[in-house]
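Before any questions on binding or motion, here is one chain by itself as structure tokens, the form predicted alone.
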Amino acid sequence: MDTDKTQPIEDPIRPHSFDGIQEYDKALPNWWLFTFYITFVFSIGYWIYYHKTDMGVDQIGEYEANLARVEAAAAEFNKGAAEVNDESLLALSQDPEAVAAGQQHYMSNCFPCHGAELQGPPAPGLPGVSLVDAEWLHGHQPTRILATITDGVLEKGMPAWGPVLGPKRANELTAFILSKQDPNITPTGPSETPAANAAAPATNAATAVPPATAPVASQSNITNDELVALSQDPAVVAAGQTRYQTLCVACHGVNLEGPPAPGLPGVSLVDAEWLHGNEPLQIRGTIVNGIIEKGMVPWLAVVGEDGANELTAFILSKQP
């Protein structure tokens, strides 16, 4: 009888066995073999290109190139950290490129409190003041303006922007403010002293964090449950809302929805994403200690323990 030609021919069985089990001597698929051959050829080419010639950059070379870029970026960030004085800042205020850069920094960080035209708070209760009138609370000299930007005046609601901006950007921001001054107005305010002028450059360092703005440890023993209970007390929530409208609305929005304009450091306080924890004590800790590298200043010195509790209660009361 003829063999059925439609029946597939089985692969031969290999002679060895293991535990009574034998296997077919089946050839590997062509696609697998081609992949292996290509990979083998590629590995030889890779070895020659990156390790035997100077044409390719190996991992050490990539590391060194990346390190050089980081160092260059750090040098650019710290550009201007050298000694500055009134004359150099005034000269910078005549540089259109520096003034334009300073305007961008202003619109990204300052206008919610100081107004788009530097005229002062655009809404009642904000901590900013006019930067184009005759009255200067902390000195009108260029180095004093720079020191106020860099060090802040936390008790007045002015955060320290030095660690956020860096020396170069702080200088550019100062140049922008100086460029907006009316030469026909005689400024008034604290006089510059030689000691203050000599000390000004020391505060113009990228790593300088003034003691007044360093995180202040909270001594409160309040618990999560107590903060949740406060969030259900209408009087406490109302007090927290008043503080929020005075200090926080510029960056976090009227309805806690996030920055009212692009570039501001605030985030939404009513969505599902919490960068530093959504527990009541974690929210309170962020208010008390701040996250200076994100533009969030420590508010304990301004609002005190009770104020921190009220703000936390108000934020908790607004959670969906």
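Position 1 is the first residue in the sequence shown; the rest follow in order. Fair warning: this is a prediction, and the values are worked out from it, not measured in the lab.
The same protein has a further form, the form predicted together with heme C, not shown here; the description that follows concerns it.
Trainee: Find the only residue in L178, V237, L247, V84 having a heavy atom within 4.5 Å of heme C in the predicted complex.
Mentor: By the 4.5 Å heavy-atom cutoff, the listed residue in contact is L247.
Trainee: Out of the stretches listed (93-101, 225-233, 68-76, 129-137), which one is close to heme C in the predicted complex, meaning heavy atoms within 4.5 Å?
Mentor: Correct option: 129-137.
Trainee: Tell me, yes or no, whether W274 is in contact with heme C in the predicted complex, where a contact means a heavy atom of each within 4.5 Å.
Mentor: Answer yes; at least one heavy atom of W274 falls within 4.5 Å of heme C in the predicted complex.
Trainee: Using the partner position in the predicted complex, report whether I315 sits within 4.5 Å of heme C, counting heavy atoms only.
Mentor: So I315 counts as contacting heme C.
Trainee: In the predicted complex, is there a heavy atom of heme C that lies within 4.5 Å of any heavy atom of Q241, even though the partner is absent here?
Mentor: Contact check for Q241: no, nothing within 4.5 Å of heme C in the predicted complex.
Trainee: Given that the partner is absent here, does T143 sit within 4.5 Å of heme C in the predicted complex, heavy atoms only?
Mentor: No, T143 sits far enough from heme C in the predicted complex that none of its heavy atoms falls within 4.5 Å.
Trainee: Using a 4.5 Å cut-off on heavy atoms, what residues in 44-75 are near heme C in the predicted complex?
Mentor: Contacting residues: none.
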